[in-house]
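Encoded as structure tokens, the following chain is the form predicted alone, with no partner shown.
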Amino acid sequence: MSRWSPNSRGRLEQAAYELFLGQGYEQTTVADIAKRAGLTERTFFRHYADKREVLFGGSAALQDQLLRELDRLPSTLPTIEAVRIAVEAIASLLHGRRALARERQRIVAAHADLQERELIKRATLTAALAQALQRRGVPEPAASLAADMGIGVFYVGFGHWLTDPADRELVEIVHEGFDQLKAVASGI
């Protein structure tokens, strides 16, 4: 095998999903994934710490995008509006990835340890957003409440997006979710 392979991360991800869905998550080894992708185990470990991270490898990119988007917004923007814009930015990262997200969700839903990892991912994202809001001058507990609400809207929207019969984009569903949150908060 060559030392450099184009899109090795993508090939590993595709191979892992095929194997997880075909033969089961627990039965799939790193060696199986690397072989299916036409790569070495060493290449696998250059990209992922373990097979679980294939499913959660995008977490850092979501968090980075969320915080970058929030940082670029003017500090005079109302907190919930800044959260909305930042959360919609991470929703847009999933554009065109619904089929893969559905497969991932099926795998995660079938394994308690992966569900636990998903909850950790959500808590980490929420905490990072709350800290970023505090740096913007939002006091506690308002920063944590706004972060919880924003990430909650994202995850509820994500669940609806996976099964949306109208095939709308996640960013649209998340936008509507913030409108619904606003209506609930105002007592409508």
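Superpose the two forms; the largest set of C-alphas matching within 1.5 Å is the rigid core. Note that residue numbering begins at 1 and tracks the sequence as displayed. From a predicted model like this one, the values you see are computed outputs, not experimental measurements.
Unshown form predicted together with another copy of the chain; subsequent notes refer to it.
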Looking at Arg68, Arg52, Arg36, Arg136 here, can you tell me which has any non-hydrogen atom within 4.5 angstroms of another copy of the chain in the predicted complex? Arg52
Using heavy atoms and a 4.5 Å limit, would one call Ala31 a contact residue for another copy of the chain in the predicted complex? no
Arg98 near another copy of the chain in the predicted complex, any heavy atom under 4.5 Å? no
Although the partner isn't part of this model, could you tell me whether Arg117 comes within 4.5 Å of another copy of the chain in the predicted complex, counting any heavy atom of the residue? yes
With the partner left out of view, is Ala109 within 4.5 angstroms of another copy of the chain in the predicted complex by any non-hydrogen atom? no
Counting only non-hydrogen atoms, the one stretch of 37 to 45, 120 to 128, 57 to 65, 23 to 31 within 4.5 angstroms of another copy of the chain in the predicted complex is 120 to 128
Tell me, please, whether between the shown form and the other one the C-alpha of Glu140 is shifted by 2 Å or more, with the rigid core used for superposition. no
Does the C-alpha of Ala49 move 2 Å or more between the shown form and the other one once the rigid core is lined up? yes
